[in-house]
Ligand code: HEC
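Only one chain is included here, represented as C-alpha cells and corresponding to the form predicted on its own.
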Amino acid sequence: MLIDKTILLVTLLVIVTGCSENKVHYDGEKLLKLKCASCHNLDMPPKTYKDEKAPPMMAVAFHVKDFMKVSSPSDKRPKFINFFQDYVLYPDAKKSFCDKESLASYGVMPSQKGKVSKDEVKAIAEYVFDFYDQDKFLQQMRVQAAFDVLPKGEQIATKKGCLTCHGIDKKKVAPSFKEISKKSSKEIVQVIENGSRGKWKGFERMTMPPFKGKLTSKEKDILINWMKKL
C-alpha cells in the first residue's frame, strides 16, 4: 500500500508540474513595451524622430506583411511569427524585407539572443501581427479625420465626454448645448466647474458633475463660444 501511495503521489506531482508549465502566459503587449520600446516607436500612427534608432513598429509590421510571400492568407500569421522569431534572435541583412535606404539608415538590428527568450519573442510577434493591422489603422485614420474637421468646441465636448449626456441641438439625459447657450457665459462656467442639480425644467433629478480642473480656461472659452454660435 505504501508503494502504491508513493507512485500515486509522484504521478500527481508530474501531472501538476506539467500543467503548471503549460499555463505559463506571456503578455505580448507588456513584453513589446518592455523589450522593444527603447528603440522602436510603438504608436499607431507612429511618431517619427530625427535620430530614431529603429523604424516604428507599425512600419515594421506593415512592411513584413506586405512583402512576405504566402500561398494562402491563413499562412500569413504563422509565417509572420516564425520570421519575427528568427530575425530577432538571428538577424541578417539577407533576411530583411527593408529597402536598401532603410538598411543603410538604421543598420541591421543587433541580435536579442540572451535578452529575450524564443517564447517571449513569439508572444511579441503575435501581438504585433494582431495590433498593427492595416484595416484597423485605416479605420482609426477615418475616425481621426472626421474628428479633425469638427469645430474646436465640438472637439473639446467630444474629448471630455460631454456628448454622452448632452446633444448638440437635441436633449439627451441632459439639456442640449443649444439650450444651455441661452445662459450667460458666467453661469455656464460656474456649472462646468461646480456642477449643478435641479437647474433645468425636466431634468430636476439629473446631477451635472463638477469639471473643475478638467478643462483649461482656454478650453472653457472655446467651448462656450462654440455653444453661443449654435
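Predicted model only: the values in this text are computed from it and were never measured. Residues carry their position along the shown sequence, with the first being 1.
Below, we refer to the form predicted together with the named molecule, which is not included among the displayed structures.
Residue contact with the named molecule in the predicted bound form: residue 38 places a heavy atom within 4.5 Å of it. The named molecule is not drawn, but in the predicted bound form it has no heavy atom within 4.5 Å of residue 150. Although the partner is absent from this view, residue 217 stays clear of the named molecule in the predicted bound form, with no non-hydrogen atom inside 4.5 angstroms.
Although the partner is absent here, residue 84 sits close enough that one of its heavy atoms falls within 4.5 Å of the named molecule in the predicted bound form. Although the partner is absent from the chain shown here, 64, 98 and 174 each have a heavy atom within 4.5 Å of the named molecule in the predicted bound form. If you take 161 to 192 and check each residue for a heavy atom within 4.5 Å of the named molecule in the predicted bound form, you get 161, 162, 164, 165, 166, 173, 174, 175, 177, 180, 183, 187, 188, 191, 192, in sequence order.
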